[in-house]
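Just the one chain here, laid out as structure tokens, in the form predicted on its own.
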Amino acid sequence: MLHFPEPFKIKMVEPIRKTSKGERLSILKKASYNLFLIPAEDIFIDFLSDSGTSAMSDSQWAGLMQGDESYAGSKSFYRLEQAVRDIFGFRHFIPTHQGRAAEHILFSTVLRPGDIVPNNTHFDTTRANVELQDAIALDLVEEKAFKPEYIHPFKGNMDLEKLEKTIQEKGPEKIPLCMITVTNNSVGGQPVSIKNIRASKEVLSRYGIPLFVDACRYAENCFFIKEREQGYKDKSVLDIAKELFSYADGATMSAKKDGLVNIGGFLALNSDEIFEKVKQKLILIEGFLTYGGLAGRDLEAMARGLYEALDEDYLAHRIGQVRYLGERLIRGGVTIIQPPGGHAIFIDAKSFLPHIPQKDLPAQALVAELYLEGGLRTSEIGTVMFGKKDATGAVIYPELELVRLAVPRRVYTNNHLDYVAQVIRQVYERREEIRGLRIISESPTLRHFTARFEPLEAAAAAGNK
């Protein structure tokens, strides 16, 4: 079979700086072993996030020059509105500066203390925005999602039995909306099938509960549907997207993912009543209805990026590149969430570092070690991000303890990925030497962004003085 290269040419480059291992150790200590606190110029390969880190196209850069910066009613807004209606199909739409703003506006409008929001799996800001309203973010993904090496085409699916049981036990009046995240980031970027979304909508409709989609990686999810779900092979990704959103009552979107922009998002919905409320809140905290906290040039880039993300040659390369990295790690003996997801590879830290118990933060320890070995920045998706305490103060550990390698779109070549695989294999070969970490300071919410850590050896030495 003929191997096809990237479906684009590189017309601009950005130098990246190599550092020595000694420099990286000093940098890591200064950042208290939290890679969010390391300056980007000290990173060689940056897989911290795929959010807002894409390389924009020549069309998008041209659109920046054509952005209409009118305070109200800019041409760029109407072009974005048309793109959102064409792809997503909802009656109402407001732009926001990114996805978490859309989440905050929606949840602060419809949730009350004690309400419940079921989801296949909430990601960090979604969960935080639900809990900010003193509501409960409930994860109802199918159990197969918690088996890293188990192969299933749609491991991100909502568990329909759990969903119906939750509604019956809690009461539909306590559930103002349900969400489905596509792709399901927290369990490995795993897709959700059209069949599962349709069935979820049928369950919710029986109780009058609206369905919202967290749509930040909708294009990747729709490409997986085209690849894997019976009856969709001959449909375009755009047509699959239109069907997917036809089952929903609204969506939040961080366009920093499958909008291929560096900033931007939106909230779209069908309810006239909710729209009247959220548009007033938008004006209060984001900006006027036709710019929503964004410059006109960003609206223009988003309008173009939403369509570009549906290009099937681009998606085949994008998802193929992530798969390429995953296959190299598997061949090196590294356990990852399988099959590889759409936007990232997720390393199973429990398997990688079986000698480190969850209380000693194995995923965070591995994140630090990968930076030390090769200047690679990744993110922890485990106890630091999702660990909680019960009423007695005992820690409730998440089922999965993962390290995410989120691959920016249109940024790195396969040569970069070969280097990443080499770094990870080198760390894997000496994994018994790695020790755990402990938290020395943290914030009450979203602690992974700013928490500080120290190695357990240092903690023990301090305790012996």
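All values reported here derive from a predicted model rather than from experimental measurement. Start at 1 and count along the sequence shown; that's the residue number.
The following text describes the form predicted together with a small molecule, which does not appear among the structures shown.
J.: May I ask you to state whether Arg100 is within 4.5 Å of the small molecule in the predicted complex, using heavy atom distances?
T.: Yes, Arg100 is a contact residue.
J.: In the predicted complex, does Arg304 come within 4.5 Å of the small molecule, counting heavy atoms only?
T.: Close contact is absent here: in the predicted complex, Arg304 is far from the small molecule, nothing within 4.5 Å, heavy atoms only.
J.: Spell out, yes or no, whether the shortest heavy atom distance between Thr125 and the small molecule in the predicted complex is within 4.5 Å.
T.: Thr125: contacts the small molecule in the predicted complex.
J.: Heavy atom to heavy atom, is Asn185 within 4.5 Å of the small molecule in the predicted complex?
T.: Residue-level check for Asn185: yes, a contact with the small molecule.
J.: Here the chain is shown alone; which of Ala363, Ile345, Leu267, Cys216 has a heavy atom within 4.5 Å of the small molecule in the predicted complex?
T.: By the 4.5 Å criterion, the partner-contacting residue is Cys216.
J.: So the small molecule isn't shown here. In the predicted complex, which residue out of Ser200, Ser254, Thr383, Thr378 has a non-hydrogen atom within 4.5 Å of it?
T.: It is Ser254.
J.: Out of the stretches listed (177-185, 288-296, 138-146, 243-251), which one is close to the small molecule in the predicted complex, meaning heavy atoms within 4.5 Å?
T.: Result of the contact check: 177-185.
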